[in-house]
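Below, in structure tokens: the form predicted on its own, a single chain.
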Amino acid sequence: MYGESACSLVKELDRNRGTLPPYNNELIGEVEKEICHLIQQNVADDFKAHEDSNVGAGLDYTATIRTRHAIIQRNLRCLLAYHYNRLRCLRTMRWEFGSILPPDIKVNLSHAESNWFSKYSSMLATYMRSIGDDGGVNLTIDLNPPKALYIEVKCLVDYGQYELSDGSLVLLKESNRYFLPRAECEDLIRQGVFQHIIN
């Protein structure tokens, strides 16, 4: 039955929502063969229709050609939906995992998807370097906006004086708690100087 392979691709997307299953070369190939076969049949029927109209037989192939054309269009939409949703999932993974995908996800990509991911990553990195001061802004750090601009932190080591962006100095001593701007603390939390205290 025409369109079953394309429908199976869309069902596969629905079953694996939010994940990236292995690229289905087999079904993609079947859909492509079906599209080529239908196009060849339409071309042959169109040729027959022109011959019959010259002879005067009056056979009408229009309905058959239009039906096949509708099936071709449906198959193409299914292929586009399959590839678009895979790329959308890849784009989301770039923001979540960074520029290096986990090996179990990388195995599921086609060659074209791997190329797309590397180009998207390099374009995103170029854009992030171009905005802001001092080498750019990393947009992938906080995907959700912070609820508060200031956070409470506990100093884990004797760090000494630390200058904030407004020019004020803070003496950071071990076991002391501080209420500082989130942007000032993120690097020190990653370095292990601060521990974020969540109330």
Partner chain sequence: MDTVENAEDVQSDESEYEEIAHTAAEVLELMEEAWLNEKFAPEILPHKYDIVECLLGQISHVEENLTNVGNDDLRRSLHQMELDRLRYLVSSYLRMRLEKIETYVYFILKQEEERSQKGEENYLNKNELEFAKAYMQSLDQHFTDRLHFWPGNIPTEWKNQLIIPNIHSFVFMKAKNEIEGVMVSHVNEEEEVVDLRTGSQILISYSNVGHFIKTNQSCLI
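All figures in this text were calculated on a predicted structure; none of them were measured in a lab. So that the term is clear: the rigid core is the largest set of C-alpha atoms that superpose within 1.5 Å between two forms. Positions refer to the first chain, counted from 1.
Keep in mind that the form predicted together with its partner chain is not shown, yet the notes after this line are about it.
J.: Residue 73 near its partner chain in the predicted complex, any heavy atom under 4.5 Å?
T.: Because a heavy atom of residue 73 falls inside 4.5 Å of its partner chain in the predicted complex, the answer is yes.
J.: Is there a non-hydrogen atom of residue 28 within 4.5 angstroms of a non-hydrogen atom of its partner chain in the predicted complex?
T.: Although its partner chain is absent here, residue 28 would touch it in the predicted complex, with heavy atoms inside 4.5 Å.
J.: Can you tell me whether residue 35 touches its partner chain? I mean in the predicted complex, with a 4.5 angstroms heavy atom cut-off.
T.: Yes, residue 35 sits close enough to its partner chain in the predicted complex that at least one of its heavy atoms falls within 4.5 Å.
J.: Residue 23: heavy atom within 4.5 Å of its partner chain in the predicted complex?
T.: Result yes; residue 23 sits at the interface with its partner chain in the predicted complex.
J.: Could you tell me which of 131-139, 152-160, 169-177, 60-68 sits within 4.5 Å of its partner chain in the predicted complex, going by non-hydrogen atoms?
T.: One stretch meets the cut-off, namely 131-139.
J.: Enumerate the residues of 100-130 that have a non-hydrogen atom within 4.5 Å of its partner chain in the predicted complex, in sequence order, or give none.
T.: Stretch hits, in order: 112, 113, 116, 119, 120, 123, 124, 127, 130.
J.: On a rigid core superposition, would residue 12 pass a 2 Å threshold for CA movement between this form and the one not shown?
T.: Comparing forms between this form and the one not shown, the residue 12 CA shifts below 2 Å.
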